[in-house]
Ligand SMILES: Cc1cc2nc3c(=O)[nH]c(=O)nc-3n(C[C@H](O)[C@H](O)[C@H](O)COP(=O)(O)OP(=O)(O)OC[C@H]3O[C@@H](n4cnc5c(N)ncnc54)[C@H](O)[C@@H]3O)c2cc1C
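Starting off, we have a lone chain in the form predicted alone, written out as structure tokens.
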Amino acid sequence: CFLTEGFHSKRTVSGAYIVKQDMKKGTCDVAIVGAGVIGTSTALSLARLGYSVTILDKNKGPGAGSTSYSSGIVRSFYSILDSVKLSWEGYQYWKNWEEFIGSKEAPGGLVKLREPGGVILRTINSSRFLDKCVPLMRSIGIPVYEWDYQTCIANLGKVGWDVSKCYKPLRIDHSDFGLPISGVQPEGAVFAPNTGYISDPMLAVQNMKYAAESVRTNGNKNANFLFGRQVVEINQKNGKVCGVALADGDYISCNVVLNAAGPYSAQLNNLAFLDSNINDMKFETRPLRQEVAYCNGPEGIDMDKDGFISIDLDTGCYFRPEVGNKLLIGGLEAECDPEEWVDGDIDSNLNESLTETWTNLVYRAALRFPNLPIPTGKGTQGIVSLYDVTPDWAPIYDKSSLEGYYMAIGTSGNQFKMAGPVGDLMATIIDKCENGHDHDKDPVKYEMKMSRPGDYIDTGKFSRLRDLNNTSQSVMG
């Protein structure tokens, strides 16, 4: 993208065009709104296809929005086949990160996938999910192992777990909180060794930005990032995207706009579809407030060395080791936990303080880790962020009814691990559609080039027009 003095064509709510002189104007093939892990990955793939791309973000740097708060977990436990496939393909990107980035070094260093393995206890609360996702994982060759109860005690007991009890997820003010379900215990567990995490999600985005900016055509960068720039208009002419207007008065002319705005995706869609009757999406995205807690590991336990990633449906929490011998604790949308939707002006309406949600997460985690130190006062650590959520917790990777407007949305919470292939997938959809392919009638089949060459992902499962998928209805997908 280059900026010159020129004309600014701004579309009003009525559909008329107002032409202003002496506005800075830029030109590129594709404008991507959102420099998070999905937007930046797509920028890299488009740049490698030869497109000129401008990436716009209201934040001060790459990955500084919801990506910076991601737990960075790389797992393949999903309840629909095409999500399992996409996650397994994504794992290969993280495993072969240098190859993907195209360099053995980058400013700040390259991220590294840590692989402690993933564990889900087999209990009355988890059996339905496991009975669905484990066969899907095995069907595409993902290693998954069943641990009996004694193996659970041997492997998990040494890192401070109490695996002798089953619970129903409850709020800590419930009279039955902490009481185990009478007469039952975990049957065992499922272990997936190829499960890991990225401890610095923002650095991962910086790596991809570096790779994207390294792609050049005739000496010019194919990808240019503009930070602190907010899109306020999506300009259209004759039913097709023709550019975006920015809050500072600048204007960027382009034929394609990609919505990768994370929790702000619905707001951007509202700019694209001033007449809601034009929008044919069957459902929308909505921002959901989340809290994540950090605690020191139990005394005498080396979480960095011996800890596991786990989904614990008995406590309604997920856990992973964190650098510095800490334990990261997040929620699983248990029925007992109220959903905190943040509508309207997100920046004004989001409560960024830790609340009783944090307290509930930590005390429920302590049911599984009886010697977990409970932080108090200044020792309290955690983050508040937003998920961008669809009704079935599966993303939308698709074109739209507005020609030239594409969406990679509904991704916050469980799509970080898919970022590598999703960037390639979105670039493929954009490239094919801009060259005449009808993605609605014939959804692009995306090859699993890294993990299962010759096998394909049905991108119709991520369509804006799909019937809702039968998922876990939570961040587990």
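For every residue, the number given is its place in the sequence shown, counted from 1. What you are looking at is a predicted structure, and each value in this text was computed from that prediction instead of being measured.
Although not depicted, the form predicted in complex with this ligand is the subject of the following passage.
Of the listed positions (Val231, Met202, Ala272, Val84), a single one reaches within 4.5 angstroms of this ligand by any non-hydrogen atom in the model of the complex, namely Val231. Here is the short version: of Tyr91, Tyr318, Tyr406, Phe77, the single residue with a heavy atom within 4.5 Å of this ligand in the model of the complex is Tyr318. For the three marked residues, Gly118, Val190 and Ala366, no heavy atom of any sits within 4.5 Å of this ligand in the model of the complex.
Of the candidate stretches 29-37, 424-432, 443-451, 43-51, only 29-37 has residues with heavy atoms within 4.5 Å of this ligand in the model of the complex. In the model of the complex, Leu110 stays away from this ligand, with no heavy atom inside 4.5 Å.
Among residues of the shown chain, Pro263 is one whose heavy atoms approach this ligand to within 4.5 Å in the model of the complex. Residue contact with this ligand in the model of the complex: Gly420 places no heavy atom within 4.5 Å of it. Residue contact check for Pro169: none of its heavy atoms lie within 4.5 Å of this ligand in the model of the complex. In sequence order, Gly413, Asn414, Gln415, Phe416, Lys417 are the residues of 413-452 having a heavy atom within 4.5 Å of this ligand in the model of the complex; the partner itself is omitted from this view.
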